[in-house]
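Single chain ahead, by itself, as structure tokens, in the form predicted alone.
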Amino acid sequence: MSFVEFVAVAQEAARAAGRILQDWAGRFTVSEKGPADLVTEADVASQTAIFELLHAKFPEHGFLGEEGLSQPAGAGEFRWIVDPLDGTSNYVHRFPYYAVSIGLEHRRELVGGVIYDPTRDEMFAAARGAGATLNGQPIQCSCFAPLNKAMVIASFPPGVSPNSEPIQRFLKVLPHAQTIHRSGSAALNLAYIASGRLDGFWSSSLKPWDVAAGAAIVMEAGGRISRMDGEPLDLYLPDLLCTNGTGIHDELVGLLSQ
């Protein structure tokens, strides 16, 4: 099968998971992992649905899930990297900015991804070499530059303190960007960069399942991804800078790596 065909199946899995999240909304039970990091029964139900569908189609593929499910890749060296509910705190508070995120890795290189927003019925998808789409229509990153014309967004870890490094980075960028936000869903932040709704995003607290699908989509949409110091992205390090690929990338590297 081609990367495009794999991604088509991932879209099917993401839609199934999205239906589960919406069914659970308003009636789930909640337990706390941390002050701003909640886990729900909806997380597990969503991940189970994704795993069962992907495993039935591709039993030799590996699986790495946010909710503690890990299976090594087989001979084909494909692995799905999944966040069944990215933006859990938003979901708990009924703030409509959360998504299902499914990335595909082949020999440790990202080759595809889907991000599904069930509140807006928006499916962002990409396969290597085939471009990026939103509900089947081609998308690309914005061309806003320089930074003082850009809308950027940041991600903080749970329990962040006023003097912590993430807050200091935020304050460094604040006077230079036109608009700066914090949203609570890394996957949608990346999807929005790919579709031209945002221009830049950085974080030092993300896991592979937060980034995999979105990174694949952004790259196919013409964006640029690195670590905050400009070095190549390592999916397994919590260090991400993503932009529309214009000169604002280097501007942000200069600010964030000081």
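Note that the structure is a prediction, hence the values are computed from the model and not measured. In case it trips you up, residue 1 is the first one in the sequence shown, and so on.
The next section is about a form of this same protein that is not shown, the form predicted in complex with a small molecule.
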Next on the checklist: Suppose contact means a heavy atom within 4.5 Å; in the model of the complex, does that hold for all of 140, 200 and 246 with the small molecule?
Outcome noted: no
Next on the checklist: Does any part of residue 66 reach within 4.5 Å of the small molecule in the model of the complex? Heavy atoms only, please.
Outcome noted: yes
Item to check | residue 186: touches the small molecule in the model of the complex, heavy atom cutoff 4.5 angstroms | outcome: yes
Item to check | is_contact(residue 48, the small molecule) in the model of the complex, heavy atom dist at most 4.5 Å | outcome: no
Checklist entry - Looking in the model of the complex, any heavy atom of residue 133 within 4.5 Å of the small molecule? => result no
Checklist entry - Among 122-130, 104-112, 151-159, 171-179, which stretch has residues with heavy atoms no more than 4.5 Å from the small molecule in the model of the complex? => result 151-159
Checklist outcome for this item: in the model of the complex, the residue from 225, 206, 54, 42 with a non-hydrogen atom within 4.5 Å of the small molecule is 206
